[in-house]
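Below you'll find only one chain, the form predicted alone, shown as structure tokens.
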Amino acid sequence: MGSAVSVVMKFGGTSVADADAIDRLIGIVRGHIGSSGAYPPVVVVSALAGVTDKLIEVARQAEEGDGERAIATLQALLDRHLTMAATVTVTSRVALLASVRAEFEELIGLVHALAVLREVSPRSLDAVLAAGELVSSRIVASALVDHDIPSAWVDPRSVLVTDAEYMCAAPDMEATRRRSQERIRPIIDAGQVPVLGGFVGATPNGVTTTLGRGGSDYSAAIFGAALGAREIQIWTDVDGMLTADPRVVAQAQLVPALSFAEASELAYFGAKVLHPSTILPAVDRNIPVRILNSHRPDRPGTVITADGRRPDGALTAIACKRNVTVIDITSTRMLMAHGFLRRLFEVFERFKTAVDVVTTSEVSVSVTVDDTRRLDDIVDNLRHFADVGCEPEMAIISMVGENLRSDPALFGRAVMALDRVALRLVSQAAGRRNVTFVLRDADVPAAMGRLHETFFEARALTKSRR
């Protein structure tokens, strides 16, 4: 076999939610093998739908000292996984059921100890949360074998090397590349499908870690970069990236292609399909990322590449982030003074709160935050040197497109579309691939509808008339 890897296929929680979902996954993998020839795909899977939330609940119950409830919750999870394992396998069922039970017995022992101590450290929480992906990936690997697709389960902790920042570990890409070549490459070369759990890694000393939110997608990109994949596929329950959130805009359309930079902007400003960190390893290696629907595998999906600019000079998509708070900081000390902004943003740094949008004038700064857990502390500290006001129940709408850099008319059309909407803040980043509006959360449906009609529905109508 050669050195290339055809694709890394990542299947999210809804794509492994039940036996029917596993059957669809098997069909997708079989179809890829049949069409691509030489190289089996690498399969990365999330925990079964809802399992990670349940494991977080288990950890909370243990920390409260309620070991009985925590163990009962784990027993229900064990029963769900055993039922799934028994449903999707026949010939490999006995070995699979034994491995699932062993994984949960180890987890039950850990949770019992945590409940006695009434303490769950970040390191312990990672050990609890990792179980979801470890068990789901074992089930998928066995199901593939049971359906005559040669496959091998690979413990992601033996491959994905990270630092010790538990709950949000960062990968050591070079060490992970070496481990991937040593432990995944021989399986591919033997004509088998390697199956790994996403989200999970380990320190160089073998202590279990997790990559945090969006971790399974991130794992797929890391493995794809480490193995030199031709493409990274994210299989989910939607057709791809859409021109707007379909929960807000019913007429949202598929975005067939976009750039890495556009995808990152859209993810940051609220698009739920892809987490921004996911694409970083792919950007570094210039590997296309394709978002596909496991319920409709015949759909083309969305492909994300380095230069995915729309050829027609139009906008790419609109994203929205709801329930944000605007903080206004005003001080005459700002006027022609140096160091004021440093002092201001040190407050947000001290309380580990990210800022989304920033606008400034001669004597005031306005910022938006969506994490308000430390808002009272932030405001108290800011008031040591400025007047501070807060406005909750706001939202961010971001227009994203590479063509914003070359066509100033796009911004003008947006402002005209929003002529009856009260805009609180307007911002354009240095990269000039997004324009951001801050407005009342209650105005989001109307504003998104007008923007979408202006930039997407009108264009679709024009095309249909040609």
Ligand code: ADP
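What we label the rigid core is the largest C-alpha set whose atoms superpose within 1.5 Å from one form to the other. As the structure is a prediction and not an experimental result, all values here were calculated from the model. Residue numbers here begin at 1 and follow the sequence given.
What follows is about the form predicted in complex with adenosine-5'-diphosphate (ADP), which we do not show.
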item: Options 147-155, 378-386, 245-253, 365-373; stretch whose heavy atom lies within 4.5 Å of adenosine-5'-diphosphate (ADP) in the predicted complex; value: 245-253
item: Three-residue site Ser6, Ile232 and Pro288 fully in contact with adenosine-5'-diphosphate (ADP) in the predicted complex at 4.5 Å by heavy atom; value: no
item: 4.5 angstroms heavy atom contact with adenosine-5'-diphosphate (ADP) in the predicted complex for Thr176; value: no
item: Residue contact check: Asp237 to adenosine-5'-diphosphate (ADP) in the predicted complex, 4.5 Å heavy atom; value: yes
item: Partner contact for Gly270 in the predicted complex: adenosine-5'-diphosphate (ADP), 4.5 angstroms, heavy atom; value: yes
item: is_contact(Thr454, adenosine-5'-diphosphate (ADP)) in the predicted complex, heavy atom dist at most 4.5 Å; value: no
item: The unique member of Leu77, Ala127, Val100, Met241 whose heavy atoms fall within 4.5 Å of adenosine-5'-diphosphate (ADP) in the predicted complex; value: Met241
item: Within 4.5 Å of adenosine-5'-diphosphate (ADP) in the predicted complex: residues from 6-29 (heavy atom criterion); value: Lys10, Gly12, Gly13, Thr14
item: Core-aligned C-alpha movement of Ala17 between the shown form and the other one reaching 2 Å; value: no
